[in-house]
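One chain follows as structure tokens, the form predicted alone.
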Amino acid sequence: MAKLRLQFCKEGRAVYISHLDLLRTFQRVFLREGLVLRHSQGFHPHPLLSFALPLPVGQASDCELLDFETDGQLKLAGLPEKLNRYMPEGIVAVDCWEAAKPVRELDALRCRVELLYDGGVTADTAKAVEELFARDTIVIQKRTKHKAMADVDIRPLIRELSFSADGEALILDAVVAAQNPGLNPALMAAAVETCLPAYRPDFVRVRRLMLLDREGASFR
């Protein structure tokens, strides 16, 4: 069987499920549906499951992708509905297809970052945040793979950005680089907290809306 790709949403309380727990969740869901997953070879075989771009804990998404392989043929029609019978609250399978593009071609992601202010969004707040992201450089500290802190300029990784206000929320709709290097959208909120401490939001919500390929189309 060819490699398959499952698209799913993750929201609500499910955003606090960690990457490893999410992997275990899907293993159990596939088992309950009776799917026989292909395993790796060696002394410690494990199911061949991988997320295209693991979602940070605390963030919601409309477009998560899970690659998997099964032994034997599998009817894809109606599979998401069958899997949803066993999904925990907040995780919903949306679609499934044969994976054609390798994950390395995943180029960008469209996302929404909501900066929430208990007292509402003032004109001064909106202006200050817009001026921040109009700068040529926005340097913040980010933890590296080696757990050390390093200065990183996130501005070149933001490809598109627009602003809107809705009551208590200042909304940043953005397209950011996905990998090599990629930008965690939450770092846009961190930039506001670091560079504009007087306009630090009381809470932040982040949601992935779409994964994009190098041509700007939906990554599949």
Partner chain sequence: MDKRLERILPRVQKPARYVGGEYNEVRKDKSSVELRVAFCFPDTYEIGMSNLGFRILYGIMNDMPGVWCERVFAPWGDMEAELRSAGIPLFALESGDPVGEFDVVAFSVGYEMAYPAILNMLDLSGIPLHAGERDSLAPLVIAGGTAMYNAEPLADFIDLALIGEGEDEVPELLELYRRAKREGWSKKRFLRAAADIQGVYVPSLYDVSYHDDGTIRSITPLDGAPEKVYKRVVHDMDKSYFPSKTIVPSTEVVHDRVTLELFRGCIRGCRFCQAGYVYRPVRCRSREQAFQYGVEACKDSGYQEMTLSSLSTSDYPGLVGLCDDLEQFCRESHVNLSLPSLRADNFSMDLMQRLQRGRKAGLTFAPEAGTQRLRDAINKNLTEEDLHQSLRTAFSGGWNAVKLYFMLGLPTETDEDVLAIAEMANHVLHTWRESATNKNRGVRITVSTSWFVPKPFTAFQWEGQITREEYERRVKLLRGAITAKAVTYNWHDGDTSFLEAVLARGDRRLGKVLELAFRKGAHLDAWSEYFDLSRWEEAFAECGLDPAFYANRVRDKEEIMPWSVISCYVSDKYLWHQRELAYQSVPTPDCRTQCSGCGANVVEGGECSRG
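Residue numbers count along the first chain shown, from 1. Every value quoted in this text rests on a predicted model; they were computed, and no experiment measured them.
Note that the form predicted together with its partner chain isn't included here; everything after this is about it.
Annotation: in the predicted complex, residues 95, 194 and 207 none come within 4.5 Å of its partner chain through any heavy atom. Of the stretches 133 to 141, 146 to 154, 84 to 92, 105 to 113, only 84 to 92 has residues with a heavy atom within 4.5 Å of its partner chain in the predicted complex. Using a 4.5 Å cutoff between non-hydrogen atoms, residue 212 does not count as a contact of its partner chain in the predicted complex. For residue 159, no non-hydrogen atom is located within 4.5 Å of its partner chain in the predicted complex, even though that partner is not displayed.
Among residues of the shown chain, residue 31 is one whose heavy atoms approach its partner chain to within 4.5 Å in the predicted complex. Its partner chain in the predicted complex is approached by residue 27, whose closest heavy atom lies within 4.5 angstroms of it. Scanning 176 to 195 for heavy atoms within 4.5 Å of its partner chain in the predicted complex gives no residues at all.
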